[in-house]
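Next up is one chain by itself, shown in structure tokens, the form predicted on its own.
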């Protein structure tokens, strides 16, 4: 990968997953060997959606290449594309100027359930890498093929075989049809609400959440990440149409497993498990999928 990394660096600013003080973050990198294959604590969606920005000024975006994105994170970007791309000029400008090189996990991660949503090998990618010993198997999109002309071409057979083997280690959840099983008045929402402290960590760590708040700050109009769990979400001068926490929690899961599925034919989840890992009270999104709604 080093040769391709050097070639790409001539046209792009280079970023990668690197270990800093025991935590994996994304930062500028100068060599491929600096990149870690571990998963970052947070999904790197700030490359596409900044936490806080002035929407009255659209700056020209430099071309960036981001190495070390995990498949579950990149899948999240393709899901966001279905809702945001072409509608949000900031997201769209960054998206078209960013190359993502994703790593496919060699082994299932603890708590992860990416196989439930088509992972860990993706059907959509820029550059997809799977390590086997000291060698990387690569799938490269036509858009970036010019940087890999000296590399052996993959026909996808290795990736297909690997995906089957990976699936035998991480059994997929019964996700299909959850949009029809889930129920509006389920007691699960109140049970979750009895524990939830409305911190919003689940939203902020999620690679598919894209909601934001908009407000004026002096002569700037700012937007910043927002959370459907927070009490002020969807508030207006007429009040909040979701006053109770169980209603806001229901909205979160209905958006992921019902509304998005029915409008975009995809579930708005990648199985990364970050929302579970970051939840201080142990709310598990997998319970929403596995819950026996008919038995309540």
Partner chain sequence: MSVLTVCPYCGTGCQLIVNDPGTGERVIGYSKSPVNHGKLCIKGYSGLSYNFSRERLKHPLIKKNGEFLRVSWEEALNATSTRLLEIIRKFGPDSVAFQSSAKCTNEENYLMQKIARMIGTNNIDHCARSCHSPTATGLITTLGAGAATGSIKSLEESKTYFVIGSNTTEQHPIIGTAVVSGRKNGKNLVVADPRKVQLAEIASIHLQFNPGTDVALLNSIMFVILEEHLEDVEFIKGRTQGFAEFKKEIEKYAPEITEGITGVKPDAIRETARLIAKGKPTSILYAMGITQHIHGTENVMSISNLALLTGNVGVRGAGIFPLRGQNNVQGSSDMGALSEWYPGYVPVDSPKVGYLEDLWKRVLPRKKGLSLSEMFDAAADGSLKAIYVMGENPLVTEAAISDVERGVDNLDLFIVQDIFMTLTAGMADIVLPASTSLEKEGTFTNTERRIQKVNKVYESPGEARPDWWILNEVGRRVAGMSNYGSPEEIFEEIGRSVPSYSGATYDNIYPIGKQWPINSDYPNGTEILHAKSFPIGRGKFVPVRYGPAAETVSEEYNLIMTTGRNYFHYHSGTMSRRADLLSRESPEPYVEISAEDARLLGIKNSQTVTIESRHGSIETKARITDKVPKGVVFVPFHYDESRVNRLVGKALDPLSKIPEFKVVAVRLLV
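Just so it is clear, the structure is predicted and the values come from calculations on it, not from any experiment. Positions refer to the first chain, counted from 1.
In what follows, reference is made to the form predicted in complex with the partner chain, a form of this protein that is not presented.
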Does any part of residue 28 reach within 4.5 Å of the partner chain in the model of the complex? Heavy atoms only, please. yes
Close approach of residue 205 to the partner chain in the model of the complex, 4.5 Å, heavy atom: yes
Does residue 158 reach the partner chain in the model of the complex, with heavy atoms at most 4.5 Å apart? no
4.5 Å heavy atom contact, residue 195 to the partner chain in the model of the complex: yes
Segment that reaches the partner chain in the model of the complex - one of 185-193, 163-171, 103-111, 124-132, heavy atoms within 4.5 Å: 185-193
Non-hydrogen atom within 4.5 Å of the partner chain in the model of the complex for each of 33, 81 and 139: no
Stretch 50-65 - residues with a heavy atom within 4.5 Å of the partner chain in the model of the complex: 50, 51, 64
